[in-house]
Structure formats: structure tokens, C-alpha cells
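Okay, so here's just one chain, in C-alpha cells, the form predicted alone.
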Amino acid sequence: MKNIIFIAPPAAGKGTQSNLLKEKYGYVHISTGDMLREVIASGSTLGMEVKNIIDKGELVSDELIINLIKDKLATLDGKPFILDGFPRTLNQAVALNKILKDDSYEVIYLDITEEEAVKRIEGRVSCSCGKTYNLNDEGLKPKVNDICDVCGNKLVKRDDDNVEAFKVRFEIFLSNIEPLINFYKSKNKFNVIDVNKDLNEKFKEISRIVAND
């Protein structure tokens, strides 16, 4: 299986599709959001600085993210991986291209409008185990209201899942995305998935892309 780079605006469903791929094919899911939340949870000075940046809907520095990703990839020992939320800028993409020693990856862009993304963000809840749900999508609701299907813990909204911060994140994404898209198009690695399709159909399309050697 090819490694996967997911590129998409916030709330496009990267986490959901990553979990499906991880469960079926054994991918290692590398989420920059999860990595940054771990830094925040450490309670360090850096963690407090990162929390302040994220709560405003802004992006942390390229240098920090690139170093976190580089360290993580070095631990995988050849296992196939999914990058969820990285790269987000051309500078990050160029740095990643230097880190990867081959081109056995595909870039998958999940296409979503801001209107649909706002609707999703308003209904998104998550569990401490990493599982996410959406109360505005019948296919993504938990079986029991406010309770995780996997571990039974209570579901909560993330601190940065508010419309004001979300719109900042969405606009930042759009302002950076064109050079990134062009970079991967030039390498014939760019694939587009319409997020309005059925969840299972999206997963089938992604599976075909990464299995096509």
C-alpha cells in the first residue's frame, strides 16, 4: 500500500477516513492535531504557547511541525503511514519531500465548501481515545448520545471547535493551498475526493488510489 498525504480544509473528514484505513490496512495514522494536543497536554511553556496559537485558529510555525513530523517518521521502521494535517504550506511540502526517501505516496484532497465545513464543525464531538463523531451526520453519530462507541467515555467538543476560530483556520488553509496543490500536481500525485459522497463510497475511492501500484 502507498503512503497517504491527506490535504483538506478543517472538518473535511481526514480523521474519519484515516481511521477506516488504519482499521482495514494497518496504516500508522500521524495527525499533527493529535501531536500538538500532546504538546499542549504536557503543560510546558511550549505547550502553553501552542495552545494560545491554536485557540485563535492560527497555525504554529513550520519549523516546529516539520521537526515533529521528521522525528515521528523516523520511528516507523518502514510501516505505511497516513499524514493527516501535514503539509499545509509549500514550505512544509518541500521539507517533507526532502525527508521522504522515495515517492511511494499519494496526495488525497478532500474537497469541501466552507458552508458544509461549518455545519460539520458545529456538530463535531470527540473522545479521549481519538474517535470522532458528528451529530449533524446520521452516519457519524454515536450509538448512544454523548457516549463513545469504542470505549464508553463521554464525548466532548474540542476547545478550537468554535465557528469563529474555525473560520480563521479555513481562511488560512485557503490562502496557502494553491501553491501546495500545484506542487503535488507537478509530481502527478494529486487526487481529489468529493466529501459529499457517501462515506463508504469515499473510502472505496481512496482505497483504489492507494492500492494502485
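In case it trips you up, residue 1 is the first one in the sequence shown, and so on. The structure presented is a predicted model; accordingly, all values stated were derived computationally and were not measured.
FYI, the form predicted in complex with a small molecule isn't displayed, but the following is about it.
*asked:* So, Gln92 and the small molecule: in the predicted complex, are they within 4.5 Å at any heavy atom pair?
replied: Yes, Gln92 sits close enough to the small molecule in the predicted complex that at least one of its heavy atoms falls within 4.5 Å.
*asked:* Can you tell me whether Phe86 touches the small molecule? I mean in the predicted complex, with a 4.5 angstroms heavy atom cut-off.
replied: Close contact exists here: in the predicted complex, Phe86 approaches the small molecule to within 4.5 Å, heavy atoms only.
_Even though the partner isn't displayed, in the predicted complex is Glu171 close enough to the small molecule, meaning a heavy atom within 4.5 Å?_
No - in the predicted complex, heavy atoms of Glu171 and the small molecule never come within 4.5 Å of each other.
*in the predicted complex, does Gly47 have a heavy atom within 4.5 Å of the small molecule?*
Gly47: no, not in contact with the small molecule in the predicted complex.
*the small molecule: the contacting residue among Glu58, Asp159, Asp149, Glu178 in the predicted complex [heavy atom, 4.5 Å]*: Filtering the options by heavy-atom distance leaves Glu58.
_Contact at Gly33, Leu36 and Ile65 by the small molecule in the predicted complex, all three, heavy atom at most 4.5 Å_ = Yes, because Gly33, Leu36 and Ile65 each have a heavy atom that approaches the small molecule to within 4.5 Å in the predicted complex.
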